[in-house]
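Just the one chain here, the form predicted alone, laid out as C-alpha cells.
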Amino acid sequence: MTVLVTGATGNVGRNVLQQLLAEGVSVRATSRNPASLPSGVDGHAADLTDPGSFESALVGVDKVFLFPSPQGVHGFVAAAKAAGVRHVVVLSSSSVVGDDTSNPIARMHVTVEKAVEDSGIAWTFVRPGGFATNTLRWAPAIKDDGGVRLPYAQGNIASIHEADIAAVAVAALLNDGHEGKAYKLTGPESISQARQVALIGEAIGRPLWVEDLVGEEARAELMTWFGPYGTPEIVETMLGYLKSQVGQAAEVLTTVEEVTGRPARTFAEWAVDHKADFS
C-alpha cells in the first residue's frame, strides 16, 4: 500500500508523514516546496490549486491524506479516482458541524468534504477544533516583549496538538472501519488563552505578561494576526467566537483516545514540545 500525503510540510501533514514512516508504510509526499521534505522521502512538487500537477504523484497510490484546499478540489478528486485511489482522509474542521453558513471557515471545509463525498471514493473526515499551533503567532511578542496582547484573553478553548490530529488521520489510513466516519476532535482540557500563555512561560522558564483586549482593540489585534488573510468576515467570526468563550467552558471530547487508544496531549505538553519556538 502506498499513501500520498498532501501538504506534507504543514503542521499536521508533517506529523502524518513522520508517523506513517515510523509505521514502515510506503509514503509519497507532495508540497509546493518539496526541497523542505525529509531526505529519502519520495517527494513531488504539486499544488492543490493545480490538480494537473498531481499526475505523477498519484500513480500507484492507494490512499490519500488530503489537505483542505477548496480551489481545485474537484479536479483533484477526479484525478485521484481515475488513478485508482481507494480512500481519502480529509483534514477538515469542527466548524462544519451545524448549519452556520455565515462562517467562512466552515464553508471552505464543507466544499472540500462534499467534493470528496460526491466522488464515490471512500472517505474519512478529521474535524479538529482550535489548533494549539495557532498560538505560534504569539512567539514574536513573547520573545521580544515578554508577553502578548490577546483578544478576550479569558476566553476558554480546548486546543489540540497537531500530533494528535495526525494520529487520528494515520489510524484512519492504516486500519479498517474508519470509512464513512467523521471525527470531531478537541484537546483534553478547557483552558483560557491567558492560561496557555502561562504554560508557555513555564515551558521556557520565565513568567509572561498578558494584556486582555476587548471591543475595538480586540478587533484591531485580530486584523493584525490575520494580516492579508484577515477579511472582515473572518475577523468578525473569530472575534465573536472568542468573546462567546469568556466564562464558557470549551467542549472537550475523547475522540482522540477512542480512535488511537491513547489520551490526547495537554497544552502543557504542547508548550514543552514547542518551547524552542518561544525562546
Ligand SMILES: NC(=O)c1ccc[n+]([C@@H]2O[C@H](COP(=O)([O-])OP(=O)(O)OC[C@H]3O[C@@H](n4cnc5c(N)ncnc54)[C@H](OP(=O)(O)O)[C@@H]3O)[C@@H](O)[C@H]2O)c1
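Being a predicted model, the structure only gives us computed values, none of them experimental. The first residue of the sequence shown is number 1, and the count goes up from there.
Form predicted in complex with the named molecule: not shown, discussed below.
Every residue of the trio Leu48, Ser93 and Pro128 has some heavy atom no more than 4.5 Å from the named molecule in the predicted complex.
In the predicted complex, Ala194 stays away from the named molecule, with no heavy atom inside 4.5 Å. Although the partner is absent here, His109 is a contact residue: one of its heavy atoms lies within 4.5 angstroms of the named molecule in the predicted complex. Contact between Asn11 and the named molecule in the predicted complex is found at the 4.5 Å heavy atom cutoff. Using a 4.5 angstroms limit between non-hydrogen atoms, Phe67 touches the named molecule in the predicted complex.
Remark: of stretches 26 to 34, 239 to 247, 55 to 63, 206 to 214, the one touching the named molecule in the predicted complex is 26 to 34 (heavy atom within 4.5 Å). Comment: the named molecule is not present in this chain, but in the predicted complex one of Ser119, Asn134, Gln154, Ser190 has a heavy atom within 4.5 Å of it, namely Asn134.
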